[in-house]
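Coming up is one lone chain in structure tokens, specifically the form predicted on its own.
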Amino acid sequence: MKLELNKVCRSFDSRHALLDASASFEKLQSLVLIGPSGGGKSTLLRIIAGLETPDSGSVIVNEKRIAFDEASLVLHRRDIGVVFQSFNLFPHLTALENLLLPLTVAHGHSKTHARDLALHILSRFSLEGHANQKPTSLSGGQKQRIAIARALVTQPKLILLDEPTSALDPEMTNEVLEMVDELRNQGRELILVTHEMAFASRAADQVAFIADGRILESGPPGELFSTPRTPQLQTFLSKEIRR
């Protein structure tokens, strides 16, 4: 994957969520975004996903600039799988039905073909036993794993994960992180927002540190975590170590 961010800006009322955020990454498989809450990580992820429109600047993924008109975004979103921290499963649908929806509505598969694809993904990640359960009967870890399976079922070119473990206890967190590890080992291209520094260190090819709406540092995790250059990253890492 190649990703270029050129002076990306996004404001909400008078608050700058992103302010001239710029960076360039080449030959990238997994990028992890870290930084303090409110620094702009989730906003940037939503812009890359085509779910948020920047006020200015450009985003180029694999040599293709994202066009933010609605017709272009519909096509762009078909190549993106997104996993949110709050699961975003439809509570009135079973796990299987949650997977069928993007296949039939967004991608136009027949119900029979969609069912085959959905059951294959559930089986691949040992989730087939939950196919007929609704979200209310699933644990947090199971919900998030179903949400990841839903993001994968359409065979997206890029998977975006926004704090997928933030609402989970340690045991459930490990379940989800193991699934993300498996995706990475399969060669999937990922952009991940996380507060899990140990996981970021092992899962990322590159880490970008975002604070105050800007990408202040980026580089390989070993380099970034061992020799932070900016006072902001030094302070952030010292707080994370004490958590």
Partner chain sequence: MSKLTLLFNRTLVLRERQEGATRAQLWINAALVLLIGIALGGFALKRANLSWQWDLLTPYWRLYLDGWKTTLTLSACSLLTSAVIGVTLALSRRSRILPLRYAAVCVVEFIRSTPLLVQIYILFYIGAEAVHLENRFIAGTITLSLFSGAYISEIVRSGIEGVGKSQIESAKAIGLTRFQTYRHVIFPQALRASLPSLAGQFVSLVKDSSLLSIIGLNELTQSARNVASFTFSNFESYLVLAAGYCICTVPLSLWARGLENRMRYET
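Positions refer to the first chain, counted from 1. Keep in mind it's a predicted model, so treat the numbers as computed, not measured.
Keep in mind that the form predicted in complex with the partner chain is not shown, yet the notes after this line are about it.
Participant: Heavy atom within 4.5 Å of the partner chain in the model of the complex: which of Ser139, Asn88, Gln155, Ser123 fits that? Just give me the one.
Facilitator: Residue within 4.5 Å of the partner: Asn88.
Participant: Consider the chain as shown here, without its partner, and state which of His109, His130, Arg115, Arg77 has a heavy atom within 4.5 Å of the partner chain in the model of the complex.
Facilitator: Answer to the contact question: Arg77.
Participant: Using a 4.5 angstroms cut-off on non-hydrogen atoms, would Arg145 count as touching the partner chain in the model of the complex?
Facilitator: Judged by the heavy-atom cut-off of 4.5 Å, Arg145 is well away from the partner chain in the model of the complex.
Participant: Wondering, does Val82 line up within 4.5 Å of the partner chain in the model of the complex on heavy atoms?
Facilitator: Contact with the partner chain, yes.
Participant: Could you confirm whether Ala198 comes within 4.5 Å of the partner chain in the model of the complex, counting heavy atoms only?
Facilitator: No, Ala198 sits far enough from the partner chain in the model of the complex that none of its heavy atoms falls within 4.5 Å.
Participant: Quick one: is Ile60 in contact with the partner chain in the model of the complex, heavy atoms, 4.5 Å cut-off?
Facilitator: It does not: once the partner chain is placed as it appears in the model of the complex, Ile60 has no heavy atom within 4.5 Å of it.
Participant: On the criterion of a non-hydrogen atom at 4.5 angstroms or closer, are Arg10, His16 and Gly35 all touching the partner chain in the model of the complex?
Facilitator: The answer is no: none of the three residues contacts the partner (heavy atom, 4.5 Å cut-off).
Participant: Mind listing which residues of 139-164 have a heavy atom within 4.5 Å of the partner chain in the model of the complex?
Facilitator: Residue within 4.5 Å: Arg150 only.
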